[in-house]
Ligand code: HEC
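Only one chain is shown below, in structure tokens, and it's the form predicted alone.
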Amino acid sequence: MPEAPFGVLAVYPTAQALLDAIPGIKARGFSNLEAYTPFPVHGLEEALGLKKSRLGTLVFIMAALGAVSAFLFEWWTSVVDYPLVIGGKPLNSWQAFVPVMFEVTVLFATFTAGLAMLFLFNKLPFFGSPILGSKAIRRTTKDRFGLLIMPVEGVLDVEAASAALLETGGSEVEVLAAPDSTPPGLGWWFKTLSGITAACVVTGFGTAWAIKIYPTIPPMVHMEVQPRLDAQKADSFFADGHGMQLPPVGTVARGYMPLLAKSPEEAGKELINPLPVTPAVLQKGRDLFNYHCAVCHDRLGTGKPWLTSAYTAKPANLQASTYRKVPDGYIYYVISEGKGAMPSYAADLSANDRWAIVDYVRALQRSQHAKPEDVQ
């Protein structure tokens, strides 16, 4: 008995013509069908009777495995193998693990999708597919749609298959011979590996030379070299020759109030705390004080830092009579501009946040120096 061909292939002019032909061909007793289209065709899988791909499920499982593996690795590193307390945060700070978990999830999912599709579901590498040598391959990768009738259990009536394709609107019918099942010899493997090796060598040396000539011939030079005004640099555009300019006279600040005082004493005379002393304000001030200030000033403001003896600065004792007597504006200025070893917190705290800390400092001072009327 002669060997059955790989299949009988025909070309259809439109996607709808392809979909309409499939039921008619199945009605003629041909069930092993495969379609080739230049773009996805909605409903084609159902028409061919293909089962839902298991690729999505496999990718989801491996992606979840990647996320769990990354979390466990980071947890073990941070909690068990090399625990470090950073900023007072717990060792198992899972929020910091998310970026690595995301990357490993994508890595596992991508490799699973690619490798499973090629080797598990598509049974690749298969370099001898008769479809690649067919006349229709150019058309079906451009603007036509191919339908292939393949043998069932090694049996295919070529004449009946050709007639079925023609009767359902197909054209350019061709019989594809079965591929040579002889495994490739040593010569084929030598040529293949030599080609891969040559491609890697050319790519490697090409990349090395591209890196070397980059300083001389930089790509996208219009993005790397462009006119810009650098801070603290002279510039001929302005009449005074300075790159940085002061705001025009009469400019009104929006969104913040500039601190015009030049010293804590001046701020104490000019500034008034705009925030009322309410439980909400005090709670906010307490949270901010404990987060930003307590490490140096202690939770009670006694000036006893939590740091080791390597920290040689001497934080102010906010419970001292000197600081109990200064106006609110004095403390606000120090928080805003810094003093001594204390840096400015203006970039980290809004004006209202700084005033809330001032209110809380007053509450701390009063709690440690309460008067009889305070406990009535």
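Numbering starts at 1 and follows the sequence shown. Keep in mind that this is a model prediction, so the values were computed, not measured.
Not on display, but discussed next: the form predicted together with the named molecule.
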Complete contact of 296, 330 and 335 with the named molecule in the predicted bound form (any heavy atom, 4.5 Å): yes
Only hit among 341, 64, 320, 27 for heavy atom within 4.5 Å of the named molecule in the predicted bound form is 341
Report yes if any heavy atom of residue 10 sits within 4.5 Å of a heavy atom of the named molecule in the predicted bound form; otherwise report no. no
Within 4.5 Å, heavy atoms only: does residue 316 come near the named molecule in the predicted bound form? yes
Proximity of residue 292 to the named molecule in the predicted bound form, heavy atoms at 4.5 Å: yes
Examine residue 345 and determine whether its closest non-hydrogen atom to the named molecule in the predicted bound form is within 4.5 angstroms. yes
Hey, of 34-42, 50-58, 322-330, 65-73, which bit sits against the named molecule in the predicted bound form at 4.5 Å between non-hydrogen atoms? 322-330
